[in-house]
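Okay, here we've got a single chain as structure tokens, the form predicted on its own, with questions on binding and movement later.
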């Protein structure tokens, strides 16, 4: 167990490798309650979120989830990447990363003003009242079906209410592993019963260690690594999350200017030779000259060699041979298409 974003979190239950393979081959459950939960409700909620977030809620509807960003209005960097669960008309769950809940709540509240035109509405932090469990893997739905059939049936990026005995919550077809699966948002008082039932269904508990190796194999960004201060959605290869045609939102002007002039760097995947992984902060070399920096690196259990994400100049294209300086030793690598691994 380790401290993570103010929570005590498990690194592993058995081993990172075993849990990683369980998720890739069968099903695993992650306690991801360190994620925040903001309940945004009332008239004007839609306008409030549209004015703050980069993606366009008008592209979805109640009963759907959407990946989006909240950006800094001055330089466009990603303050946080967020999943929005649209539960019902004027009723949303906004789910930020562990340490960002307060600042997202503040941004949504402070941004209400003109966006909601004086109409009522609320942003309430409900993080302490619930638990979030991510059930992931190719057999996740089949194993979950006898326990929570409504959750097993929720479509990818769908949202639906679920009931387990007296426990009432929500499920969404979302996750962070590159596998199919669902995330459960249930009251804290009933979470132990749901957890025990999920384990009894043959779903393996997994910790933060393999959650990181899984998301890295899937080429998914992690806040504080591929997203955060100095890194915009366009640099992170996530331009599809920014809907310039929806109207004004935080950071729109600076992101539009960056799009027009072109990004100075972009996120790429690098496959390295051997088992030794690159680490965050390692220099990326082209012809012996440092041109960029690794943002995340690890050993890939599925591929059997090192993989890394890095920010490099746009001209460093897929197929380019690069080196990574790891404490004075140069690892040979190649820029590859993301994701590193997919089913």
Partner chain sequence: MDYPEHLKYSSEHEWVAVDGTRARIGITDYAQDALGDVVFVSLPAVGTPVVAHASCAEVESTKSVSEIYAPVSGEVVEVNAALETAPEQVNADPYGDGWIFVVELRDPAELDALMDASAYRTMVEEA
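Positions refer to the first chain, counted from 1. Remember, it's a predicted structure, so these values are computed and weren't measured experimentally.
Below, we turn to the form predicted together with its partner chain, even though it does not appear here.
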Heavy atoms within 4.5 Å of its partner chain in the model of the complex: which stretch among 63 to 71, 295 to 303, 24 to 32, 43 to 51? 295 to 303
With the partner left out here, check for me: in the model of the complex, does some heavy atom of residue 16 sit within 4.5 Å of its partner chain? yes
Just to confirm, residue 11 within 4.5 Å of its partner chain in the model of the complex by heavy atoms? yes
Proximity of residue 59 to its partner chain in the model of the complex, heavy atoms at 4.5 Å: no
Check residue 36 for me: does it contact its partner chain in the model of the complex (non-hydrogen atoms, 4.5 angstroms)? no
Under the 4.5 Å heavy atom criterion, name the residues of 258 to 279 that approach its partner chain in the model of the complex, in sequence order. 275, 276, 277, 279
